[in-house]
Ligand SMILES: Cc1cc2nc3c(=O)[nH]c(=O)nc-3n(C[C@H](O)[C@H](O)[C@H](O)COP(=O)(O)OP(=O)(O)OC[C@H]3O[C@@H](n4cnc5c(N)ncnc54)[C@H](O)[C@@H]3O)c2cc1C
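Next up is one chain by itself, shown in structure tokens, the form predicted on its own.
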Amino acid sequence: MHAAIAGAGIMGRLLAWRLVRAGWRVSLFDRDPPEGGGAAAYTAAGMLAPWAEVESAEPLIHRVGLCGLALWPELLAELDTDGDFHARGSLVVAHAGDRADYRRFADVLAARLSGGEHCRRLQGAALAALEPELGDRFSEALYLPGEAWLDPLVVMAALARALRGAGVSWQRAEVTGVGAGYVAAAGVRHDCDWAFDCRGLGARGEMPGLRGVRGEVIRLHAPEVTLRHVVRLVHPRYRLYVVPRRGGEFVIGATQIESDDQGPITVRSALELLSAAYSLHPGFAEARVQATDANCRPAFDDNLPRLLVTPGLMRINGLFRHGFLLAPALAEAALARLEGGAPASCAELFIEEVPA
């Protein structure tokens, strides 16, 4: 069977890998080169946080996210990379003036999660023992031990190497149309058994209701900071996150703006992110700004993904802020739908059969 996939973001690459492993012949079409480009995956922080998302996302995101998180170690082993993957959990903290919002966040998680082992409240000495550099600045924290993170740049590069090594035909061309049994790119129609549209916002013409949600991040080199966990800082207007990387680097982000503007980071966002980071840890004062980035994530009105199926065509889109968390389970559900098997996750609940 021959699959043609439009879009080489994290969803398109993971789907291509699952299909190749299942014995399919795969052609991948994207306007960007395999080494980089404008996909939202390149701006992602790579947090795999199904428990933290319980506070604001639909319950199904949590359920499918647990499956996606469980699939990543096996995927990384197949790709022969560690992906800078860490499963040390995440911490949620707040300054004294934001304690009310922190309490509300903690109460929502406690009410929606079954079992205290998924969300622990740490006080004083317990917090200092787990993350010493926060112990003298915060009196308490929520610890979500099951959460993990990876480096999207490492994973995207590993997928590119693995796909080309497996014989995937990677064609750099602007996709102009995707339909049942074909992908049109650079004025040429490429026929296939199944076509897959994973173009994100590039598919807005074929997927009404798809919108862009802007996110902005700053990458810092901060050798004076040695945080070992993802840290979320509760704030009335935004949720700051700090994600550790190798070599003393950190990704800092927070913004979620209802806009499809893909321009550079704004002054306001940069000031807010850097000020919040400094308030979290004084070591960020001497950090070097390595890069700033902004991008738009594809989302529908309910912020849930869609997997729309017509004979010969699948459209997978709307992963919103959860691309790396959900994509493995969605790829598995797509393959199970093609082969008539039962997926090992509940991601099949996102599948919608669409009449031809």
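Numbering starts at 1 and follows the sequence shown. These numbers come from a predicted model, not from an experiment.
What comes next is about the form predicted in complex with this ligand, which does not appear here.
- Considering this ligand in the predicted bound form, the lone stretch of 63-71, 283-291, 324-332, 305-313 in range is 324-332 [heavy atom distance within 4.5 Å].
- Of the heavy atoms in residue 110, none are within 4.5 Å of this ligand in the predicted bound form.
- Mapping the unseen interface onto this chain, residue 50 falls outside it, with no heavy atom inside 4.5 Å of this ligand in the predicted bound form.
- In the predicted bound form, this ligand stays beyond 4.5 Å of every heavy atom belonging to residue 83.
- In the predicted bound form, this ligand lies farther than 4.5 Å from every heavy atom of residue 151.
- Judged against this ligand in the predicted bound form with a 4.5 angstroms heavy atom cut-off, the residues 101, 142 and 234 are out of contact without exception.
- Proximity to this ligand in the predicted bound form, defined as a heavy atom within 4.5 Å, holds among 78, 117, 191, 174 only for 174.
- Along 42-61, a non-hydrogen atom within 4.5 Å of this ligand in the predicted bound form is carried by 43, 44, 45, 46, 47, in order along the sequence.
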